[in-house]
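Next up: just one chain, as structure tokens, the form predicted on its own.
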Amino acid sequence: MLSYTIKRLIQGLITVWFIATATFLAMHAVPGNPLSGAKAMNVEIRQNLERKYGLNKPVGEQYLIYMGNLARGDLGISFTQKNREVNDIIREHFPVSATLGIMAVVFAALGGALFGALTALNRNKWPDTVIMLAVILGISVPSFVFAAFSQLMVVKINALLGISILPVAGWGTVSHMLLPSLVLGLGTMAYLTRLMRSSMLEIINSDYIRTANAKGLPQTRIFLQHEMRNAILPLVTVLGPSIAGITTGSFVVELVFAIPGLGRYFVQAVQQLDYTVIMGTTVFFGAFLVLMVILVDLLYGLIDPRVRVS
């Protein structure tokens, strides 16, 4: 297990290096630079700024400097936010995105496992039909549509009752987190529900489940120890990328609900061609995704002993 873990970590480092390199090349292939949108300035001031940020150096030399700083954990200084390091931006605002993402993942995982099992146990019955219809909507409709619709519903309910049940925007309390986390987790929950249903149907019709029923084991024990435990393995496989995707992919939801997460700064950096913030956040998101995938691989071995044996 130790050698496998070391091997996966090395593969993860190579993947992060590739992400960093691809992001660096893509940013320098975009026309213009972070100073293009600045106010009118004379040539001398522009040259001084380019010299300060290293934009006057050849691209190859900039790449070596960037990779050297990255190896030391230094993601650079923002071009557009005065005297603010990218590390500080990530340190201050990623916990907000992570909190929102964790709540969304918990909602998606619990709902996906529960509704997936329910549809499998009631195949071709009305619960199966209703839930699968909701799954199709959850997969097909973009998150910003659910966000706007949920805000409208909450406003109507608050006006009808004359009190504020839930806030429609902002951040700071648990009540502020509930609505955006539900909206953010809907798409993932729908995907996990469909995956859990397929896996559960395959398990229910397997030979060892028939044997357990023939032995007269309690249905609760069969469901929890044999059906759920084996059917949930595919969910664990995709849970790592789902965690990273929800935690780092909440840009639109953060904007709609006015949440001060890291996604807002990434969008602003793209609009302003802030090289360091774009590259730093992209590498951070990529490294986080790779880490989640590695952790899921290791967790998979703990859940299924056959993986450890192989």
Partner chain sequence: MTGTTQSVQSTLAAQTTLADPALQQGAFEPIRSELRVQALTRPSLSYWQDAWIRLKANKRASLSLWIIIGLLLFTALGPQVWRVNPAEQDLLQISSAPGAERSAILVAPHSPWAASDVPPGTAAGLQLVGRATTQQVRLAWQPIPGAADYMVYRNIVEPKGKATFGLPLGPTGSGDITRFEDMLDLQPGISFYSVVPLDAGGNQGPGSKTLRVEIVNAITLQQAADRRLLEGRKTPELGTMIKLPFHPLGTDYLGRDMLARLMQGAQVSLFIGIVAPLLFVLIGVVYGSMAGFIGGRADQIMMRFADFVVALPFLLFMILFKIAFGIGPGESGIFPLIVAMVILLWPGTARLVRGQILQVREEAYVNAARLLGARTGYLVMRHMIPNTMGVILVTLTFAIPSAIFTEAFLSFIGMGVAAPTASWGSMSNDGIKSMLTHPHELFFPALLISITVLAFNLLGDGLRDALDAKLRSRE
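Positions refer to the first chain, counted from 1. Here the rigid core means the biggest group of C-alpha atoms that line up within 1.5 Å when the two forms are laid on top of each other. Here the structure is a predicted model, which is why all the values come from computation and not from measurement.
There is also a form predicted in complex with the partner chain; it is not shown, and the following applies to it.
message: At 4.5 Å between heavy atoms, is residue 59 in contact with the partner chain in the predicted complex?
response: Taking the distances in the predicted complex, the answer for residue 59 is no, it never comes within 4.5 Å of the partner chain.
- request: Although the partner chain is absent from this view, report whether residue 281 comes within 4.5 Å of it in the predicted complex, heavy atoms only.
  value: Judged by the heavy-atom cut-off of 4.5 Å, residue 281 is in contact with the partner chain in the predicted complex.
message: Quick check on residue 136: any heavy atom within 4.5 Å of the partner chain in the predicted complex?
response: Result yes; residue 136 sits at the interface with the partner chain in the predicted complex.
field: the partner chain contact at residue 66 in the predicted complex, heavy atom, 4.5 Å
entry: Judged by the heavy-atom cut-off of 4.5 Å, residue 66 is well away from the partner chain in the predicted complex.
query: Given that the partner chain is left out here, which of 141, 201, 102, 238 has a heavy atom within 4.5 Å of it in the predicted complex?
result: It is 141 that has a heavy atom within 4.5 Å of the partner.
query: Three residues, 22, 148 and 152; all within 4.5 Å of the partner chain in the predicted complex via heavy atoms?
result: Yes: each residue has a heavy atom within 4.5 Å of the partner.
message: Given a 4.5 Å distance limit between heavy atoms, list every residue of 6-28 close to the partner chain in the predicted complex, or none if there are none.
response: Residues within 4.5 Å: 11, 14, 15, 18, 19, 22, 23, 26.
Core-aligned C-alpha movement of residue 87 between the shown form and the other one, 2 Å or more: Superposed on the core, residue 87 moves its C-alpha less than 2 Å between the shown form and the other one.
Threshold 2 Å Cα movement between the shown form and the other one for residue 133, core superposed: Comparing forms between the shown form and the other one, the residue 133 CA shifts at least 2 Å.
Residue 156: Cα shift of 2 Å or greater between the shown form and the other one (core-aligned): Superposed on the core, residue 156 moves its C-alpha 2 Å or more between the shown form and the other one.
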